[in-house]
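One chain comes next, on its own, written out as structure tokens in the form predicted alone.
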């Protein structure tokens, strides 16, 4: 199998992730922070150590600003629903994943918020002038993805963050597609909340994710329950991170996530990104030479994520994806990618697109084989 669906979840994981999770589960799989015995204490220390590692990796000032969740979706719901109040105005972009747009549209439908959606400018970047003009007295927060899971567009967090800061509104980032590939230093960015996936380019297992909440940002928990601390209190404790982490932590998954971050630090973030972008450029160069293939998103000369979406003529994207899987043993993602606003923006809401996304464990040989397969499909349908 040639696996080109790393934007959904990276595969394979570094070997150390598998080893650590197996060892942790077999030897220390107790409930962290819920008892005083050695196994529980070890599990609690592991969760703390990984929280510290995540905070350092993203440049957070305090590890308690890192809230472990089950996914980016969980994090976005916590950040959005925990912040907004009746009468607030929220701004987002036209390239958002449903994990951003659905919570916002739900709140809009209920009459809780007013929602504005900012389009792209002629260069394909977020229209900053339109963003500035969208801000009003009631604006509470700007919520955007750092990188598109469909087109590969990469937004400039510094510029958007400066707009938010100048207008005294909160700035929330969906970093599902960029955490672990692009450097993110929260101490240098005006980002109040950042959702990230553990199972994508941080190389953790599914069921892991997190939310950075900058100290001083008021976020109401969306869950309440057991936290392992302040058990005598009948109300949710105010201490971070327990305030936002009710229930038993996914300590096994968090242990795996810790090894994923170690792997990135050992290999080097720049080295990982350079490899993935080299494969991305090679793939795009190959597709450009194939007649009847259309590529979406920015060109290789512009900042972008290692994701390439394309179509072959008017052929169904699902059919092309099926052929790549069944005939050529190549795994891609086809359809709408949980991002209908993006497809509406690029004009592919009916056809969808075929998406290839590259990871550190992909090779140039695999990219060459994928291009050959797409050429063969294009020759048959043209």
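Source: prediction; values computed, not measured. Numbering follows the first chain given and starts at 1.
One more form of this protein exists, namely the form predicted in complex with a small molecule; it is left out here, but the text below deals with it.
Residues placing heavy atoms within 4.5 Å of the small molecule in the predicted complex fall in a single listed stretch, namely 67 to 75, out of 157 to 165, 67 to 75, 112 to 120, 225 to 233. The small molecule in the predicted complex is not approached by residue 191, whose heavy atoms all lie more than 4.5 angstroms from it. For residue 177, a non-hydrogen atom is located within 4.5 Å of the small molecule in the predicted complex, even though that partner is not displayed.
Residue contact check for residue 92: none of its heavy atoms lie within 4.5 Å of the small molecule in the predicted complex. Contact annotation: residue 7 falls within 4.5 Å of the small molecule in the predicted complex, judged by heavy atom distances.
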